[in-house]
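Only one chain comes next, encoded as structure tokens, the form predicted alone.
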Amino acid sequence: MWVYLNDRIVQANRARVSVFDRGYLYGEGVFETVRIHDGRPAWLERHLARLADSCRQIRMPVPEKNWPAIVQRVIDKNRVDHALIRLTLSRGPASPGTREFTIPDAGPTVVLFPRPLPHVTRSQRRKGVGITFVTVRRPSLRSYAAHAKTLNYLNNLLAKREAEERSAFEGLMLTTGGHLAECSMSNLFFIRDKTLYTPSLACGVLPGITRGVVLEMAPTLGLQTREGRYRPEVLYEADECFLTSSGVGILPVATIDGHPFPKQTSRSWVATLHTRYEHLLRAQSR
């Protein structure tokens, strides 16, 4: 694997980041995970806009770089057609001996490298996955920059581990007030009576790129969209449910804690949304 590190592309075993880097010491940084389809980045401009917004929220400048060219360079160097590209920015290293919370003057650390797509079986893609409510809560908007995709990902990792311990594909987090939020690595949607629902950004959920694409295309297919605060029990009244992320795209949910969704079939709204999403994804690579 080849890694882009601060204006150089090096082999992965030669990529080195300082132990004084603020991303390592304090999780002070942001990242994006971009879908690669047919050797081209999908919705890259949206990812870069969110990256800039995340940097603004944590008061970190965005380096002035030709990001599209850099991303494509990493894709071409690694010869990947269908994968993910991880783009990470950290505050950078402070000089040894400086005060602990002094802002470093060395500039940010920039890292890009490819990752494989999440493993989803044909059966899971067709029939759906199982998810579970986890005990980990999504932090309040008032507690930190909840809409920024930062390197502080411990809550999500703990939620994912809890789900795996229960043999579930994903763990669904609630807000501190007990409303639906998001899964550890994906946004949540559910459908009832031709209306598409998803937790609003006021619930502290990450403004996912695929989430935004779904909200834009759903009305063109005849679905009304609603963003709001929802109690967990509304899921048990839903006809269909699905997850979205750059990695899995649109992935149907078969059950939540064993409760099935009655209209999750090959002719469901989720299947229709998935077909349209795949068409849009292919268009991104042209």
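Everything numeric here is computed off the predicted structure, so don't read it as measured data. When you see a residue number, it is the position in the sequence shown, counting from 1.
Absent from the display: the form predicted in complex with a small molecule. The rest refers to it.
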Heavy atom within 4.5 Å of the small molecule in the predicted complex - the one residue of Thr109, Thr175, Asn187, Asn78 that qualifies: Asn187
Heavy atom contact within 4.5 Å of the small molecule in the predicted complex, the stretch among 109-117, 123-131, 68-76, 205-213: 205-213
Within 4.5 Å of the small molecule in the predicted complex - does that hold for a heavy atom of every one of Asn156, Glu182 and Ser246? yes
Determine whether any heavy atom of Lys160 comes within 4.5 Å of a heavy atom of the small molecule in the predicted complex, and answer yes or no. no
Indicate whether the small molecule has at least one heavy atom within 4.5 Å of a heavy atom of Arg91 in the predicted complex. no
